[in-house]
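Coming up is one lone chain in structure tokens, specifically the form predicted alone.
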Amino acid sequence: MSRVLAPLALLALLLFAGSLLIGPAGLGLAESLRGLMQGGDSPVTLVMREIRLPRALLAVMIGASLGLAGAAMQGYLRNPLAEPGLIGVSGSAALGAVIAIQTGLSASFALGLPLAALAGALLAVLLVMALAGPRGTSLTLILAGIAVSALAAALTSLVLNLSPNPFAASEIVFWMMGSLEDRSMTHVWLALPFMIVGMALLATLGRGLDALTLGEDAAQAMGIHVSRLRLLLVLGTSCVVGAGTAVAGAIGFVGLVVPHILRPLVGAHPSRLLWASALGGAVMVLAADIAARVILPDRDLKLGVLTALVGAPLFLHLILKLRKERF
């Protein structure tokens, strides 16, 4: 297991350092480190502490939380096609943000957009849990999540359709693509408590997820409280996905593709995949964010677009590989 975690952790550290050092300002290594370590209000210090450091921290936080949530969701549903947005939290968080932009709340209040997105995520959790019921099965959870996602998508489209302001509609579209640009430490501190709580909840699911590989009946016979496990899964996933969507928009395919890539390296135990996927998710988002700055430095290439362009073909390749293995 350490043979997988150690290289991933090292790669994440290297990419984190690269995220701090790479940017359009063209700062040297020594100059960047001085600006990061020393105080003051010099331009270099402002660039390092107010622009690059929050961006790098959010990339690690969002990537790790999405990777962890994706591995937990796939382990619980025993379905490699599951991903964190399946329970409708990301779509509902996006709906809250869209309403904040459309109503002007985001323009009049700096934290109006992320707070509205968090409110949308909370509403999605309540709806999913109410629809699934306390004793619902995994299929019930999937159907409830699909219903909430469809409703959130429909309402988001309705807001866009009825928007009288073309500038607000354009802002909505670009925000939904997902980006870490122009984020500050305020966004980091806003998302951090939710992500810590969510990742702590998801980290406790390892033994239960391993037991579920034998089926729900066998897991219950082994002393696993399946209903409690599902509640912790939904709450943990909602915290990390809702917080990530609130501060960065929709960033897809991380929680879907990363567990797929790492699963052959850690074996058939879902508990081993949790932290490997967390590190892998951080690596993927850090690499994608660096690429967004390097590929088109003069254009605002959205992070969510880049992860989709990379993740979708890779996911299709994995599907074809699975088909060849079965036939």
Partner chain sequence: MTALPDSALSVSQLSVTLQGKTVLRDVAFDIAPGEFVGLVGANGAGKTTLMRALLGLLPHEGESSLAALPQAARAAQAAWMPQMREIAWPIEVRSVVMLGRTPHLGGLQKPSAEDRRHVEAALERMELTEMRHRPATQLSGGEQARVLIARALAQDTPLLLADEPIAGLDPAHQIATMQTFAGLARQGKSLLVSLHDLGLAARHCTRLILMSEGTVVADGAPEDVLTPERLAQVFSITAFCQRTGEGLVYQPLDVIR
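The structure displayed is predicted, hence computed values, not measured ones. Numbering follows the first chain given and starts at 1.
One more form of this protein should be noted, the form predicted together with its partner chain, which is absent from this view; the next part is about it.
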Checklist entry - Would G75 count as touching its partner chain in the model of the complex under a 4.5 Å heavy atom rule? => result yes
Next on the checklist: Whether I224 contacts its partner chain in the model of the complex should be assessed with a 4.5 Å heavy atom distance threshold; does it?
Outcome noted: yes
Next on the checklist: Even though the partner isn't displayed, in the model of the complex is A147 close enough to its partner chain, meaning a heavy atom within 4.5 Å?
Outcome noted: no
Checklist entry - Is R263 one of the residues lying within 4.5 Å of its partner chain in the model of the complex, judged by heavy atom distances? => result yes
Checklist entry - 119 to 127, 79 to 87, 192 to 200, 237 to 245: which one contacts its partner chain in the model of the complex at 4.5 Å, heavy atom to heavy atom? => result 79 to 87
Item to check | Stretch 206 to 234 - residues with a heavy atom within 4.5 Å of its partner chain in the model of the complex | outcome: R207, D210, A211, T213, L214, G215, D217, A218, Q220, A221, M222, G223, I224, H225
